[in-house]
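Coming up is one lone chain in structure tokens, specifically the form predicted on its own.
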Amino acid sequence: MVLEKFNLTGKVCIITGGAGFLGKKHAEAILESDGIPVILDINENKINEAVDSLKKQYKKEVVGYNVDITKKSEILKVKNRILENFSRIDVLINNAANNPKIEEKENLKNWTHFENFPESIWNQDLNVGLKGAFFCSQVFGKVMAENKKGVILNISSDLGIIAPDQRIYLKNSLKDEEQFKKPVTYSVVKYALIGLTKYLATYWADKSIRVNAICPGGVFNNQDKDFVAKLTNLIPMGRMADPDEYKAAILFLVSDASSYMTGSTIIIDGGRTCW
């Protein structure tokens, strides 16, 4: 039966940045197919809140670990704890990323401009979004390779396919030098994750590890009305994604329903990248 392919019963699914907005939605997708989400995040309070909320909602097993994924030593320790608890690792979702929100632009000002972009922020963003995915894929992917089965899903973005349209961030009340710009690091990380996807898909193909990427468009989360209007004008479907609209795609990509897919990138953006 086709629907049986989506079943994740007993499968241990690691989600980096799992206590964040989208990370929790990925966990919901896992839970709704009877998998076990393992939330990794650097914010212990948010981990506890996310785990408690998901347990209350689903009445199923959810675990969380406080870990800095930019430090391989911490990932190795948490790997051992996961294996002690579950004796298996089936899925890795590389979701963690730094992403300054448009609502914070008053505090960001001109450092987001490419000409002024600080090396320190470049290093921070690449450490979390790219080096973190590299380390997690190394550590958890090795476990999967030894077991000759597993799935890695990299969360890229529509901005891993196209460049950000900086016009949607413009605010008439600000001078040119004060305008917020979508940081260069966001594009660099999201493009690089697609490259990592293709590399690992071929590298571990003989170990039965499938590696794919998803490029979601923006999710509506009570953003500024002017920003939403400008963004949706770039989207053929005329709206941002609802918070739950990626869950089915996540489940498809981490389950046996996508058993003949590897090295692929799925774009789900309301048609934005068509234009």
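Numbering starts at 1 and follows the sequence shown. Here the structure is a predicted model, which means the values were calculated and not measured.
FYI, the form predicted together with a small molecule isn't displayed, but the following is about it.
Annotated contacts: G17, I155 and G218 all touch the small molecule in the predicted complex [non-hydrogen atom within 4.5 angstroms]. Of the candidate stretches 64-72, 203-211, 51-59, 28-36, only 64-72 has residues with heavy atoms within 4.5 Å of the small molecule in the predicted complex. Looking at N147, you'd find every heavy atom of it more than 4.5 angstroms from the small molecule in the predicted complex. Contact between I235 and the small molecule in the predicted complex is not found at the 4.5 Å heavy atom cutoff. At a distance threshold of 4.5 angstroms between non-hydrogen atoms, K190 is in contact with the small molecule in the predicted complex. Though the partner is left out of this view, A97 does reach within 4.5 Å of the small molecule in the predicted complex, counting heavy atoms only. Contact with the small molecule in the predicted complex, defined as a heavy atom within 4.5 Å, holds for exactly one of V128, V139, V78, L196, namely V128.
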